[in-house]
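First structure 1, then structure 2: two forms of the same chain, each alone, as structure tokens.
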Structure 1
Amino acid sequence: MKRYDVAIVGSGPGGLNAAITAKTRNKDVIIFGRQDLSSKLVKAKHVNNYLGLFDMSGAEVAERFKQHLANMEIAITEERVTNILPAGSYFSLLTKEGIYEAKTLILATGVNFGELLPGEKELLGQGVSYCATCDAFLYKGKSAVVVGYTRQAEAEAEFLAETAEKVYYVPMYKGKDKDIVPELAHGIEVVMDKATGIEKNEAEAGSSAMKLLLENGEIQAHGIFVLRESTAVDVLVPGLAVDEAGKHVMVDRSMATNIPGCFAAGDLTGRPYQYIKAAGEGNVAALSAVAYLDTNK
């Protein structure tokens, strides 16, 4: 398998500047993200605090970033990274489309994870799963609840329902999708309520082993799938040190995390949540990754 020098996760200002810096240093770079770069950036009405790029909308700033990328011949890989494994001497990154390997890793995912449900993290892997397409086959003849935070979760629930005996679906949509009642195939039972927590029935096994607590009651099942837009970063990268609130990655001045060869940049490392701070950290993170590559040849 091809092994990249640097893999970057996230295409906001932190990730992009890391990509540009690493490319300038002749490193083989892959950057995962989205064509529109960053939803936060595109939504910004007015940007006035980025050196040299002033009195512009976020979309205009994004357009300038894109021109810079094109000029440097950097293409964004539009795949969502669902798992990263620090494999010792390299990093392995999983997307729906495949597995990638890189010698160093720069995390620049931003901080938009949302709040975890009480009990969710503690029971992960013990009845709680984040990936219906990964664990579906273990639910043959069993029941499951899917807590869906985005409409993309509907397809995963349907995939699960092809194998599982019974699937419940609890939509937790926000914004314009808030009041949508999803129409799902394979006999999925849609429950219009709000999930408030997850518990394990210690004394019970089988179809009542897990309990999803709702505002108006509860659902019992073999397992619970929680499907969000993005994964909390310490779940994405097992063993990564985060702060007490679990929101920010712990880094030093060189943007190094506790995992050798893994660096972080941007909102993910803490406030202020500003583009120019993110871009500067991306630069530092990439230079640190280059130094790491040079000393660990």
Structure 2
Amino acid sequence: MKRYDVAIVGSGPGGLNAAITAKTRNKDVIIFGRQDLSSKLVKAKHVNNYLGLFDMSGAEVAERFKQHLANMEIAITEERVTNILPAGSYFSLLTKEGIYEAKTLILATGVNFGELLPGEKELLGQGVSYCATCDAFLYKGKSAVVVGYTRQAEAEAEFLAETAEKVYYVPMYKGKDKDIVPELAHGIEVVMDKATGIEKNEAEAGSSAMKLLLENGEIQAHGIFVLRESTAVDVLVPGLAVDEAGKHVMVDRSMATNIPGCFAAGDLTGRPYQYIKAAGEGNVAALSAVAYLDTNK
């Protein structure tokens, strides 16, 4: 398996600048993100505080970023990273498509403003999962619930239903999609309610039996899949030090975290949430990752 020098998770200004800086230092880089780079950036009406890119829309700035990436021959890997495991001298990054390895890691995922469901973190790996296509085989002939925070979760629910005996789908959409009742295949039962928590179903035989609590009831199943656009960073990387609120990663001036070889940049490290601050931190994080690699050859 190929082992990259630097893996970057996040395609906002912090992650992109980290990728460019590491590439100019002749490091083998892989960056995970989206082709539109960042929904927050694309939706911005005006960007006026980014040096040299003034009086431009977020979409126009994003297009300039894409041109820079193309010029540097940096491609974005559109795979959602579901788990990152420190493995001594390298990191294993898990996606539903496969496993990647890298000697250093830079986190630039932005801030996850969504709150975890009560019981979600405690029961992760004990009946709670973040990837239906990864773990569907575990529920062959069993029941499962998919809690979907984006429309993309519908496809994973349908994939799961090809294996599981019974699948429930709870849409947790906001904005224009919040009242849409999804039309799903394979007999998936759509439950238009709000998930409020997760518990072990002590009354059900089997240690993997779970209970999804709703505002107006509950659903009992063998497994629960919580599918968001992003995962809380301390869940994504076990052992990562975060602040009391659990939103920001603790870093030093070199953007190093408490895990050797792991760095962070951008909104993830705290306020102010501004593009130019994120890009600067991405640059520092990449330089620190390069220095770490050179020191630990």
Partner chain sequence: MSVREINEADFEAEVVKAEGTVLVDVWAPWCGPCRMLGPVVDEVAEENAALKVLKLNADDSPRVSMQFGIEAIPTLLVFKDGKLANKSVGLISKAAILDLIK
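Because the structure is predicted, anything quoted here is derived from the model rather than measured. So that the term is clear: the rigid core is the largest set of C-alpha atoms that superpose within 1.5 Å between two forms. Residue indices: 1-based, along structure 1.
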Either 1 or 2, the form predicted in complex with its partner chain: 1
After a core superposition, would you say residue 90 shifts its C-alpha by at least 2 Å between the two structures? no
Large Cα move at residue 174 between the two structures, threshold 2 Å, rigid core: no
Aligning on the rigid core, what is the distance the CA of residue 147 moves between the two structures, in angstrom? 2.9
On a rigid core superposition, how far has the CA of residue 137 moved between the two structures, in Å, if you could check? 4.8
